[in-house]
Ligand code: GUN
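Presented below, as structure tokens, is a lone chain in the form predicted alone.
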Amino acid sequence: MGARFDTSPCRPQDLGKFEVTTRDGAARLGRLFTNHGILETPMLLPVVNPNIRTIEPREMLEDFGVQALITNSYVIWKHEKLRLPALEQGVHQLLDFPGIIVTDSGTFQSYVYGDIDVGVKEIVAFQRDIGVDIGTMLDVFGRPDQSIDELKDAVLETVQRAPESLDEAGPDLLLNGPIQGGLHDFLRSESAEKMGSVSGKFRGFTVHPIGGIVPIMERHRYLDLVKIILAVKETIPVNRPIHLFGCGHPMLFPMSIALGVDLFDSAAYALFARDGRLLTPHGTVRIGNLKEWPFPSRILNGVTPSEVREMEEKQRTDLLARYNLEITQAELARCREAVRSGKIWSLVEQRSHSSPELREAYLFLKDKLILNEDITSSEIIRSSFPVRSGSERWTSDSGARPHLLHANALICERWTPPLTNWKGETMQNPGVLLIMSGRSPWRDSVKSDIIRALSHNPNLIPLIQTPNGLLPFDLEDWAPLCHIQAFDSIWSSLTLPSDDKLREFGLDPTNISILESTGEAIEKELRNQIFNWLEKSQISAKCSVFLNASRESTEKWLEDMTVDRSSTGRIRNVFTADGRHVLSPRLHDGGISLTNEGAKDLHSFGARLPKLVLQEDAIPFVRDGRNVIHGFIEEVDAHIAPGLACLIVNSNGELVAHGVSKCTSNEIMSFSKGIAVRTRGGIKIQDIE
């Protein structure tokens, strides 16, 4: 296929930095800057034994797209035939690999074989001297069967070794800071917090591997693995990649990536091949009784399982190892594409059925997300874009998808009934017009029936009962809430909402009417009056939910609004009474976009839209419409959220621009590279009245 990876050094000022380019909740696509190219994550680092190269590293790069590999610095250090060439020529020439080389320190060998005879500073210095890109300090391996006191000692000893390891690394060697703690959540969190805060003469750790998990995975204890990842995520710096040490089975990629893991490594591609086993996204398959291959493969094209079984051992191992690496790379590509398309949790649901242990881990996660009772669950939900085009393929697991939970939370927290009915009368204790029929777009399927019902009782609020819960009719085109693909039996089995849920919406649960189709004729003028009220209510509702502006301020702001429409009659642009274009409802996803005039209005009347304070140096560029870049931000409101609008101001609170955040508040203040906010419009000084 040919190498497609640029192995040239990054800019010196970027060395060790990590930026996120795309996200789907905690899952993220990132770029890690090194001296041998920019590592695109999530990515697998195949383990290469320098003594036994089942697949040559150069072939990994050129034929399998492997940008980085991991080898063991202790093995190279211990064997003179490897150590001397590595010191003289560098590890890249030793392995004939121009890409990124990561090394382990010998900690895993201490777990397998007992004590190793190398010092803490000595092994870091060796990794530095042979030109490693990302090395690893000599941490203390924590086994799951150890006592809590032993594990505490492992964590403490690792932390104590960290400063001297970072200092010894020098300015060019990036270093892994492993997280230990066994099966104890509090120890994992403590380890992550302490390792994340250590700093050396040149920098802190660049990557944080989660160590000590191989014994857990060997026993298929995936629930424990998930708990460990969640515990680490509570305290780990958000601007550093997380590496799952020793994890390389494709079955585990989707769930791990969805929880924020960025890097994997494993020798499984070769080890499983020696045992006649195939890696697949759904588990492991032995070739012993296969008549056909379970997955299409360019590596196995033209050869049958029986022919492979008859091969000599080395030939068979080499072939199966290449297949395993191919299928591993393909599953990672599938995961990355799922993040780009916003479907990573759908993929997690599918893969969770691959084994009982993996399903157990998923069901645990599902409950945590639905209950949303801890920091990590809340972060996963709040970091998911709540508005996204496309549809939602519904299963029994779909209600736990973070972006749907985020959307539901926004409705519960921000949506309120309209202040007045279509007659202009104040709404007092409004009742519910429950829509349990029709399909999206509801504006077409049930609009006429809603107008008839409201003509008889103006104090009813239309709500749609969906498999995902209640959806106010004035948000009926919010994607993907409005595009749920489910069996008819799921729709027909929906039940009445609980009294508590209706009270959460500010509605009277004793006053419920079920929408029915009567075919009754409505006088045109009355019909238009109710329809216009519904449209205005929709604009007001979207301002409440997406811009965090109250119904009261929005209705006052847009009291005499005018609109223009698409060819299908939908509102495209909203204008104030004096003709200024302030809003544009987005037809493709049901969201809403501010204009510069709208941003100025919201800023002037003190709307609750979150604000970001920009450093002075960046203000001229952002006023010209440039994006807000990490590292040029002074402070940010805590409730800023990815995918939602925000105002950009200077230190005096004056409006500079408006845009859509790509990050949570924690991420905005932590990262030093990449785009924090996509600016939709800069406000020139002369445009501020």
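Numbering starts at 1 and runs along the sequence shown. Just so it is clear, the model here is predicted, and its values are computed rather than measured.
Although it is not shown, the form predicted together with the ligand is what the next lines describe.
Using a 4.5 Å cut-off to the ligand in the predicted complex, each of D104, T136 and F245 places a heavy atom inside that distance. Taking the partner from elsewhere, G181 is found to have every heavy atom lying beyond 4.5 Å of the ligand in the predicted complex.
Interface residue remark: F97 is not counted as part of the site for the ligand in the predicted complex, having no heavy atom within 4.5 Å. Contact check for P250: every heavy atom lies farther than 4.5 Å from the ligand in the predicted complex. Not displayed here, the ligand is approached by V214 to within 4.5 Å at the level of heavy atoms in the predicted complex. The stretch that touches the ligand in the predicted complex, counting heavy atoms within 4.5 Å, is 204 to 212, out of 204 to 212, 469 to 477, 555 to 563, 533 to 541. This chain is drawn without the ligand; in the predicted complex, the residue among Y323, F141, W77, F385 with a heavy atom within 4.5 Å of it is F141.
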